[in-house]
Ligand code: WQD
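Coming up is one lone chain in structure tokens, specifically the form predicted on its own.
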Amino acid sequence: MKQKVLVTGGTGYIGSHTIIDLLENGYEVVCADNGINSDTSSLDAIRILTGVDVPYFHIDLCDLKATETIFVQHPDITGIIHFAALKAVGESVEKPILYFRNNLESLINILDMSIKYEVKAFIFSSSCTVYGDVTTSPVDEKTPLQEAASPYGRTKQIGEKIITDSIKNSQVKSILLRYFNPAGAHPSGLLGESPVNPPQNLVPVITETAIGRRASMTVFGTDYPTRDGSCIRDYIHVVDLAKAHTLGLKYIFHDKQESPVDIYNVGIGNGLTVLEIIDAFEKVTGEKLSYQKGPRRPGDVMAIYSDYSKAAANLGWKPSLDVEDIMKTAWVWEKRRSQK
């Protein structure tokens, strides 16, 4: 019998790619999203790519009664992958209450239902922002957490604690995936990053500038003590990232996880500066990018990249795509969506 998995935030960027990976690996999927920063066009792409019409609940998980309707209609859900959250670092600095209310209340509600309906596996979309402003990289799962650099990062730190405390005496087992900077698009060109609101992540800002949606872009901070003065980040292809969620579920479903909660880094394992990412885009596409250098942005850390050896050892996960693949697929996607 197929395991049934609820994907919250499933019409979003990472959620939609993960739904494809789940379907390709034999899982049955239910999707929930409030559409605040995505739309159902991703479900159309999923239907084209997999032939599956995924059941969709247009609800806000901050509404407990509405959240329970999913489980009333699908009481056989055995796994949950929880993506649903606001995720813009800069916006969280400007609107901290919005981020605390949305990200934490929705998490509490979905955990409440997980315990009540005896869900076995709960995969949480955490973030490298939980490490705060680290002094050295790579970071591994034992790296001490520093003060969060933004309210967004704080919601992930608090979220991890809420999960750990909430499932301690339940049947639920959880994996917290701390991922780095998701980027790129599905190789088909049918699915990619398409936020309703203007993106703040670097790669879609680059592709939108190159296609002419933006007149130019700003590199925030060129006076960091890095090799070229710009921030260093770890960019992971969204297709590789999606696989980590499926492998996490499989690990719990096959009773391999002994502790109630386990943590894994998911990144490519090395750091690239913002200017190096721009250079990679120009090299792969042949497009010259219009950008200017600006001041540092509140909430940004100087440098962080991952040690993912634990995920490789336990989950059998490792990245298969690199920064050039990220840029190629992101550019194909940008050109396609600009023709709509």
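In case it trips you up, residue 1 is the first one in the sequence shown, and so on. Quick caveat, the model's predicted, so the values are computed rather than measured.
Another form exists, predicted in complex with the named molecule; not displayed. Remarks below refer to it.
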Next on the checklist: Under a 4.5 angstroms heavy atom criterion, identify the one residue in Asn109, Thr129, Ser137, Asn102 near the named molecule in the predicted bound form.
Outcome noted: Thr129
Checklist entry - in the predicted bound form, which of the listed residues (Tyr152, Phe83, Tyr251, Phe71) lies with a heavy atom within 4.5 Å of the named molecule? => result Tyr152
Checklist entry - Should Phe124 be counted as a contact of the named molecule in the predicted bound form, where contact means heavy atoms within 4.5 Å? => result no
Item to check | Any non-hydrogen atom of His245 within 4.5 angstroms of the named molecule in the predicted bound form | outcome: no
Item to check | 4.5 Å heavy atom contact, Asn181 to the named molecule in the predicted bound form | outcome: yes
Checklist entry - Just to confirm, Tyr235 within 4.5 Å of the named molecule in the predicted bound form by heavy atoms? => result yes
Next on the checklist: At 4.5 Å between heavy atoms, only one of the stretches 198-206, 140-148, 254-262, 165-173 reaches the named molecule in the predicted bound form; which one is it?
Outcome noted: 198-206
Next on the checklist: Since the partner isn't included here, can you check whether the named molecule sits close to all of Met217, Val274 and Arg297 in the predicted bound form (heavy atom within 4.5 Å for each)?
Outcome noted: yes
